[in-house]
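Here you get one chain, nothing else, as structure tokens; it is the form predicted alone.
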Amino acid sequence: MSQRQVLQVFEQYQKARTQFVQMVAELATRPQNIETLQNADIIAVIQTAITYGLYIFMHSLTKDQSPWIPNGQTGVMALLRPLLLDVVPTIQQTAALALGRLANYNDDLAEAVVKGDILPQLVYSLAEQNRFYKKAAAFVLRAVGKHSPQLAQAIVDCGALDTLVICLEDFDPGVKEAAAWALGYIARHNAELSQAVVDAGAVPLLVLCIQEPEIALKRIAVSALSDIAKHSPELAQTVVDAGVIAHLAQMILNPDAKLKRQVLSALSQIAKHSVDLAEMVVEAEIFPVVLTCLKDKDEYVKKNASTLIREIAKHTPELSQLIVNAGGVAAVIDCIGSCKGNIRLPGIMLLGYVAAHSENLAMAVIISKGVPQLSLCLSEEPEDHIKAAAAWALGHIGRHTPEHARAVAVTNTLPVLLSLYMSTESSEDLQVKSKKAIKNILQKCTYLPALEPFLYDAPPNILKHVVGQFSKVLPHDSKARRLFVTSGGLKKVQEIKAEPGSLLQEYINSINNCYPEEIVRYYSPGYSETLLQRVDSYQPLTN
């Protein structure tokens, strides 16, 4: 072969390799191609190689048709692996990009990357290569690590964390972003993996990253810190000790909606663990600034802002009172009214947490018109878990005093709760929370017009609480006693079959003692028959 012919073979090989990795990377962007790429066998590999000229080069040099297939490996992974060590940087980068896209689709492909001993190559090259390769390699690590704790642990075991942390100090923002993304995906699985990320020294560098001017880098770094902080108070404290809260508080009003989502989420993950951490978040003067996020155009900014306020309010009455004083409860109620579905859920739960703390805080929810809004959620939301949250919140509002219970009862919420409890289509959780809410409200409710329908519709385990409330109110209210007779309530009570000596029977006796004996007999079942018998046996007086 002449020198020109030899050089031409090398040119063909380089061109073919470039075309191949670019085409695989392109094919991997389309979901419909993934199964074919995943299941490609030796023949498909050889056919693909022939298509792009790889076979031409190898055949020219060795006369062997498949020396480049690693022992025991098949499919597109086997073909991409040696190209990670190619002499041409572009081919290396594109091969890594193709691997990342494949691994991103499912855990089988991600596991193939691990079993193919590709991770050590990536980690080695991550420290040595240029910024383009670093971004591609970090993408592969992220794509593998996102699927499961086991795959994330495989990344830790191959020594990737130290190299990724070094990348957080890279001059190029894109490299920092790719490394932060990979670290966040590893940390999100569990506390052990999060601790490994912390031990590698990632937290201080991630805090520096959120101070960089690039919005994309800020987003990913904040997200990674959030993933670290969410697992335990100790991990959250590690993040706080790095000085992150002050920086996050300053970014609450950033115009970028995606960054605001991450900032609010990170503050929530810190505040949820303990009173001390929640107080540290509050002390960063996030109120009333965070309330403006409840009116944001982005639905998830609204949701995350409600979640943050909820995670603070749940700890103590004092923190809930602070939120009430800042106008937080009224703002959240307005937010609930302006959105639908799961976006409402944190706000609904917030109202329940606030109301549960004390009578005064529950009254603050009532005064802010929280009960009608919760009743609306109970009636119009299609998802059972949202209805269950609304039922739970209403139960906490109504359980304190007769005044609280009346505020719930007048919205006609009790019949809705009863129907949800009785419905066979309701989830078990919704039935349990509806029953608990009914019980909590009934035990304090003295508003008899709301109670009377329950005499006709309630099952025995609910009915005893209803009758119990009548037995408490009627002895002290003459107007209510009269109305109870004319509305048919007394007659209905006489029809209730109660076990002798039971609590229900005691309640019925207490009610009956509020009326003359002849009135009770008149409304008792069978009394008309008794009267007719007396008519039959009565002998008229004759002159």
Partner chain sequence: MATLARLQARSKSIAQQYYYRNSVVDIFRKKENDAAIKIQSWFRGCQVRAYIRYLHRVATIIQKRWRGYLGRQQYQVIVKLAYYTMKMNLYNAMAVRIQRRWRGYKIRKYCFNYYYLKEYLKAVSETNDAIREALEEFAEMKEREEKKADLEREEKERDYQARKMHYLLSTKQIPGIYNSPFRKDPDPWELRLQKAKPLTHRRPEVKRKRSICLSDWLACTSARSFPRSGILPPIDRKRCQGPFRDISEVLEQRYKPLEPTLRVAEPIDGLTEARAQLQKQEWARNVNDNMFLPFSSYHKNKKYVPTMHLSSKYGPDVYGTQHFRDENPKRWICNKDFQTVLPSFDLFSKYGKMYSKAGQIV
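Positions refer to the first chain, counted from 1. Note that the structure is a prediction, hence the values are computed from the model and not measured.
We do not show the form predicted together with its partner chain, though everything after this point is about it.
Student: Find out whether any non-hydrogen atom of S368 is located within 4.5 angstroms of its partner chain in the model of the complex, and reply yes or no.
Tutor: Within the cut-off, so yes.
Student: Counting only non-hydrogen atoms and a 4.5 angstroms cut-off, does N190 reach its partner chain in the model of the complex?
Tutor: Taking the distances in the model of the complex, the answer for N190 is no, it never comes within 4.5 Å of its partner chain.
Student: Does any heavy atom of Q195 come within 4.5 Å of a heavy atom of its partner chain in the model of the complex?
Tutor: Heavy-atom contact with its partner chain at 4.5 Å: absent for Q195.
Student: Please tell me whether any heavy atom belonging to K115 falls inside 4.5 Å of a heavy atom of its partner chain, as the geometry stands in the model of the complex.
Tutor: The answer is no: K115 has no heavy atom within 4.5 Å of its partner chain.
Student: Could you check which residue among E452, D170, E383, E359 gets a heavy atom within 4.5 Å of its partner chain in the model of the complex?
Tutor: After the contact test, the surviving option is E359.
Student: Under a 4.5 angstroms heavy atom criterion, identify the one residue in T292, S232, N106, T90 near its partner chain in the model of the complex.
Tutor: Among T292, S232, N106, T90, a heavy atom within 4.5 Å of its partner chain in the model of the complex occurs only for T292.
Student: Which among 469-477, 323-331, 151-159, 441-449 is in contact with its partner chain in the model of the complex, heavy atoms within 4.5 angstroms?
Tutor: That would be stretch 323-331.
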